[in-house]
Structure formats: C-alpha cells, structure tokens
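Just so you know, structure 1 and structure 2 below are the same protein chain in two forms, each on its own as structure tokens.
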Structure 1
C-alpha cells in the first residue's frame, strides 16, 4: 500500500510558526514583501511631506487648510447651490465640484448614446452613411479637444443672433442667442412632491419589469415589446396623477423683455460649448470601441441569428451587442475618465468648474498653491476611482460566466 506524499513549496510546518518563515516560506513571503514595500512607501511620503512643511516654514508660509473658511470674495457665474461673494472658499470649491460633476455626468450620457449609434452606423452597408461616420470619427479624434471647445464657444458667440433677432424654436422650448440658451423652467406647486415620488417609483417598476421580461425571454424565447411597455409604466401613472392633482407642475417660458430674455432657465454658452465639445469628442473614441467590439464577434453569430429568422436590428440588440459589451466596457471606462479630466479645460471658455474655483481664483487669492493642488488632485483621484469602481462592477455583471 502506497502513501501519497504532499509536496509543498517551502519548508513543512513541523513545530509551529517561526520568524524565519516570513522569508523562506512561500505561504508568508508575499505578505512580508508587501508589508515592507508599504512601510517604505509611507516613510517616503512622510519624508516628502515633512520636507515640504519645512521648506514652507523657511519661506514664511504655513501649511494649513484654514483658508477654506475665509470669505471667497469673488462671484461665480453659474451655481447649482446658493452662493455669494461672502461665502467661504470651501463653498466656492463645492460649487466648482458640482459644476464639474454636472458636465461629467451629462457628457458621459450624451457621448455614450452618440458613440454607440455612430459605432454601429460606421459598420452600415450603406456606403454614404459608413463614410460620413468615418469622417466624423477621424475628424474629432485627430484634433485636440481644446480646439473643439474654443470652436464651439466662438461659433455660439459669432453665429447665433442677438436676443432681439432670435425666434424661439421647437414650439418655444429652445431659444438660442449669442448670449446663451433659454429653455422653460419648471414651477412646482402643491402636490408636485407626490408626483416626483410616483415618477421614481415608476422608474423602479420599469427596471423590474425589464429584468423580468429578459429572464422570461431567456426561459421561453418569447419577446415582449419591452421599450413600449417601459414607457407606459413610467409615464401613464405620472400623467394620470398629474391631471388628477390639477397640474401641480407648470412651465415658465422665457419671454423677450427689452434687450434680453427674462424668465425660464438660462444656460450659458460656455456650458453648452464645453458639454457639446467634450461629448462629441469622446463619442468619436467610444464609436471606435463599439466598432472594434462588434467586429470581434464571430460572423457565425450573425449568420446563426439570421438563420433563426431574427431581423438585423434584433440580431444586433439581442446577439451581437450583449457579447461585444465585454470588449467595449474596459476601454469605455477610460473614455469616461478622460472626459471627466478634460472638463478641467472649462476655464478656457469661462465655465467655473473646480479647476477654475479651487485651482484658479482661490489659489491666486490665498497663495495656498500646495494645499489647493492637493485638494484638487484628491478630488479628481476620488471621482476617477468611483467611476472605475462602478463601471468595473457593471463589467463583471455583463461578462461571460464560466462554469
């Protein structure tokens, strides 16, 4: 009778734990190296910080963040929260952060929709559509994004008419002037909160229905009109409650009074230039990611779907794109990060993001360049890690599950 002998990389533990095992035992060696590397890194960081503080002291400066609680003494042209020139610097920084996040979120949404549509259209069998999409992609990808931002800003200022020469478009829902853009503003009255809650509940219900319909399709093969049913779930209850409560939400349309429009919601040209330029620029890169992901899927998948009687649109939505996502998502994360960081170019057109507030006016007024830059870098690092984390979770959800 033979006995199996277990072979272990490293010495066999025969008498309890010994300190020498931290080096010679492969079970502990990797942890030892990581701990040593972390300690050395922290010592290096501590030495650098201590050196910076000493140098600041020699220059007569104090390394502190107390300036954040001093009055900012400057105005910001676009704010999402209450702010005035007597507000502290930390509130000015928050205003800039919110402006940055607004551009980043809206830019990522628009760039994703455009990028997917353009990437699919570039593979169209229609020669004209495919070539036009190629021209768009190559044109935007090979010109620096700063030039596109300046071009859009200049075009809005030079080509759009003055307010007195402008006629509202889209049934009064958009007014474009060389001073900015005007859209109707929402006026909430009694019962509007209940309407908003119902809308959120309807969104959750539509999401749950989509999950159920997808699982049912996978189990039975029966395809439901998911998009139309989702729209009905979202809007029909809201519309019913809207009329039942007697229109708790109205729209305030902008009107021309004197030399400018009054009322409504005013959108600055700098915001529109930055948003469109970043979105269109990033969409060109996303389109190439989508094209590469689709072309990486075997043509046999398309032929098999056609042989089952699926039309081209359903083949793309149900067969090709779901498989291509595992190839598209990783580079898509990089494009979202690039768009967020490229928003720091907003200062070129006067849009006050966090770089313009904390890294611009606050830095120049207080002379706290090191503190401001550390906070600025910390913000961009945090938001980049959050985007990467969320998108990696989604990537894991859509990736192929191996048995």
Structure 2
C-alpha cells in the first residue's frame, strides 16, 4: 500500500494537508463524520420543514398561535380556576394543565404510600400477607394501565347506586353515587387566618426543637422522644386556638335535593377512576422498587446495628432506611414521571386534563394540529426535564463520595 504512511496517527512528515486525511487520519476523521452527520440532519430537517410548508400551502393553513386567544366555546367539567365557554383557548389549556398537575400530584402521593406499604408488606414474615402482596403486584403490573382505568370507570358508573338510592357512608363523610363522590366541604370563617399563622409558627418551632434535641443528644447522649414532642408542638397549640376561637370551621355536608346531591365537595367519578387506577398501578411498581431497595442492604448491616445495641426501630431509621433510600429514590422518581405521562390517558374516561383540552377539543375545533401538539409535547417535555433535573440533583447529593 502506498498510503501506509498516511494511516499513522502521528503528524504526517511529508508535505502538508491532503484531502484523504479527512477519512484516514483520526485527528480529522471525527470532524468529517460530525460535519457529515450535521449536514444529513440539516437536510432531513429541511426536507421535513419544506414538506410541512408545502402541505400547509396546499391546504390553505397557516402556522400561528393566534387561535389561543380566540374564545374556546366549550365547557370543561372540572376547573380549578375561573373558566367559562367564552374564555380563550389558552385558558382552557391552563385549566387542563392544572387538572393534569392535580391528578399527577395526588396520584404520586397515594402511589407512594401504597407502594411503600405494599413493598414492606411483601417482605413480611407472614406468608399469607407476602403472597397476597405478590399477587397484587403481579396482577397490576402485567395488565395495561388503560384497562385498569376503564375498569374503574365502568365499576363506578355500573356498580354504585344512583344518588336517590345512596346512603351516605362513614357518618356522612363519603357519599358514593354513580354520578360521582361527595365529601364534606370545609368552610372557614373568621379567625381561620390566625389558625394558619399559628400552624406555620408551630412547624418552625418543631423544626427548631428538632435541631436543639439533636444538638443536646450530641452533647449529653440523652435521647428525647423527638417524634412525639414534635407532634405535640405542631398540633396542640393549633387545637387549643381552634377551640378558643369557637371552632371557626364548619363542614358543609352534601344533601340529597331532588335527583342529586347538593353542597359539599363534588369529586367526579372520572377523576376518581383515573386517580385510583393510576395510583394502584404505579404503586405495584413502586412496591417492587422498595422491596429491591430494602433487600439490597446486606444483612450484615442489620446485624452490625444489633450488635452495637441499637433497637430494631432505630436500626431501621438510622441504618437501613438511609442506605435503602439511596437505591429506592431514583426509580421512585422515574415512576412519578411515568405516572405523570400515563395521566394523559385521562382522555379515555373523559377527565379533562391537558391532553383532553389542548390535544383534544381545542385541536379538533381549530384544526391546528401542529401548534396544539407542539404545545402539548412541550408541556410534557418541560415536566419531564424538571423531574429528571431534580433527580440528578438528588443523585449528586446522595452519591457515595469516594476518596
């Protein structure tokens, strides 16, 4: 081969730069590849954009977000902010976003509680409990979440009685009808602000007490029942003030009037179905993460803690959990992400989340598929990147510092 001298990695001694070095010289080859990749990418994007422009011209459409400021002229059955059919499309989208966030946050909370409880129960010494939890986990994990959502939705509408035949349950605190669920609404009267302020002050006080108790333990070795004292600090003053002010809070119970219940807080069955189905489904995955996290901590850790004389509870709190959480939390956060993305299945049961408003009715009414989907994907992408950003921060904070 006459080109043998060109293949070497080092500087080429004879002559200056040759064109073939772009392919054969590893110093330049990476640039060649990247430039080619960039050009191909640009060409592909250009081709796609060009097609879009052609198609839009042929159909007489134009790319603009002006439709967001036109009246939406459709109603949304659950709104957290003021909204009526004359409100603009962007407001409908915001209503949808808030509904998505509501279901996502509530779903994450319930899923975490259930998942942790089930994951721990699966490791129970009680064979029956462990097996029941395994059945729960495998049952929920291996059936599509859409099926669960539809199943819950159908169950609520088909199995629950109509409002006229419904008896309130739990001393009137829950009324389950086939039109939805009613719980008492809280009505705050004068003095409620004072209560809220006192509550915040108590929280701060509890935090300060915790710091002080830890410092004291470091200094004297005496252990205080921190948890119970904290509970007392947080709740006792608030309760005392509550009665001093003559209970400034009343409960508005739902009542049957005509064919339907009035008053109270009305929770739509679509919301309930979506919330329960997503939470139960995600809880099965979280339970597996929790179990894996706890099992990953070697038995020697427990034994070492016992031999140091730590009681089981403190062993769990001070030795096992801090180590297990490092393993549990990253997959937990990606489960939160999954739950948030799965909440877009709300469209199947008619819960008006952002996919239902912006990606559903607004899209169909205005025919602005491109703009709506860009906004919709942008929203989900922002949420995902925020959550994974938080996860990276956490991972950096808890990662083992190797020296």
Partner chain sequence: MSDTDSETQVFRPDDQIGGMSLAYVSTQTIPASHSPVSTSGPIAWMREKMFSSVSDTIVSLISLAVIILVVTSLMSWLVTNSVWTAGSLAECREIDTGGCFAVIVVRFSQFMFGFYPSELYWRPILAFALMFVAAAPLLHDTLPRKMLFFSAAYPLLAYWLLWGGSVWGIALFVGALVLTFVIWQLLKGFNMAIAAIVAGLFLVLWFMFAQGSVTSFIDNTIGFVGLESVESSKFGGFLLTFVIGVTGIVASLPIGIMLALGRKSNLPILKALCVGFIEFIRGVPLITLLFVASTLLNYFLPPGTSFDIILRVLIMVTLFASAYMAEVIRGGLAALPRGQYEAADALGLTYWQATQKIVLPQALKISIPGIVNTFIGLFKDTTLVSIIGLLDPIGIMQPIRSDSNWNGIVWELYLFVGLIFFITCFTMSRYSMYFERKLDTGHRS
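Positions refer to the first chain, counted from 1. For clarity, every value in this text was computed on a predicted model and none was experimentally measured. Take the two forms, superpose them, and find the largest set of C-alpha atoms that agree within 1.5 Å; that set is the rigid core.
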query: Correct structure when looking for the form predicted in complex with its partner chain; finding: 2
query: Post core alignment: residue 348 C-alpha displaced by 2 Å or more between structure 1 and structure 2; finding: no
query: Rigid-core frame, C-alpha of residue 139, shift of 2 angstroms or more between structure 1 and structure 2; finding: no
query: Yes/no, residue 46 Cα shift of 2 Å or more between structure 1 and structure 2 with rigid core fixed; finding: yes
query: Rigid core fit between structure 1 and structure 2: Cα deviation of residue 390 in angstrom; finding: 2.9
query: Value in Å for the CA shift of residue 207 between structure 1 and structure 2, taken after the core is superposed; finding: 4.5
